[in-house]
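Have a look below at one chain only, the form predicted alone, in structure tokens format.
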Amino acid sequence: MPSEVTEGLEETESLSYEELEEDGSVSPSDLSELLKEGTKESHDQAENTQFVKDFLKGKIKRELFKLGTVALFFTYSALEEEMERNKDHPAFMPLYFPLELHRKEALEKDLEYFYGEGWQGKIQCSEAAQRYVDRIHHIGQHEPELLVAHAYTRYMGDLSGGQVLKKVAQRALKLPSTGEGVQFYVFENISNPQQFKQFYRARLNALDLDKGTKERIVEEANKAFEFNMQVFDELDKIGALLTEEVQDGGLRLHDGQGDLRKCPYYAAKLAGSSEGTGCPYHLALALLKQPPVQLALAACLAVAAGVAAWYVM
């Protein structure tokens, strides 16, 4: 990187992000504008996936949210590993902000909240997330300039719509207002997200890239959206198999009637509790519906009736 560019970066680092303003003279050839316009269709498609639409309506099941957090963990682990590997690459160094942007540590906190101690052994990377991870590792090792596309797509989205999703998740899943379970959306070292995004776009535009490389970055950003949509579709398919009933040993713990929230044992199951065997009342009802249990009960009643008759005689 030319020394004058390096000096410029050092000067901006000494300022607070609140003092940094985006240059109003944005050119259509600037990378930030190319990315904005070039990914508009992909962005709209991602926002209109069933998973995102349901999420925004607050229709998100706790188990599905947990799996989404797992996918994010593997994605950001790969992205930040490759960013660390390429932090001195001239095509990426100006966008390296581990203190402000990196999400892996926050996701670890969320996973510990949802899965408890030893959460590392309770999760696995899904097929869709693995394809995303593999792509990130490939470009990090062979085409590091394209990391710009993935960093832009993920972090700028997290600083924008991600803040809305945080509030929706807290309300829909009744998560603590203190932030447990949604640390992923909390950027403690960015006091003003809007100004930081302006600063980040200015850094994008300052990258010394030729037209062909910019076009490849835009193309890669669209691929990043595709990978995200594949993860959304995968979660949709999993969500279709998740019902409001919790299965335990093949027995149905709720008969589909009444307010589930009035059964604290059942609510604990929905909240991911690994203890207990379900609501005693609903479990008893479920057992009574099993033919073998009904036969055994009938036999017991017959014996009881015979004994009662013997005493009456």
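Computed from a prediction, not measured in an experiment: that's the story for all the values here. Sequential numbering from 1, following the sequence displayed.
Quick note: we don't show the form predicted together with a small molecule, though the next part is all about it.
- Interface residue among Phe114, Phe184, Phe73, Tyr152, judged by heavy atoms within 4.5 Å of the small molecule in the model of the complex: Tyr152.
- Listed stretches are 225-233, 79-87, 207-215, 114-122; the contact stretch with the small molecule in the model of the complex is 225-233, by a heavy atom cutoff of 4.5 Å.
- Using a 4.5 angstroms threshold between heavy atoms, Asn192 stays clear of the small molecule in the model of the complex.
- Residue contact with the small molecule in the model of the complex: Leu67 places no heavy atom within 4.5 Å of it.
- Although the partner is absent here, Met156 is a contact residue: one of its heavy atoms lies within 4.5 angstroms of the small molecule in the model of the complex.
- Although the partner is absent here, Val26 is not a contact residue: none of its heavy atoms lies within 4.5 angstroms of the small molecule in the model of the complex.
- Proximity of Glu63, Lys109 and Thr178 to the small molecule in the model of the complex is absent: no residue of the three has a non-hydrogen atom within 4.5 angstroms.
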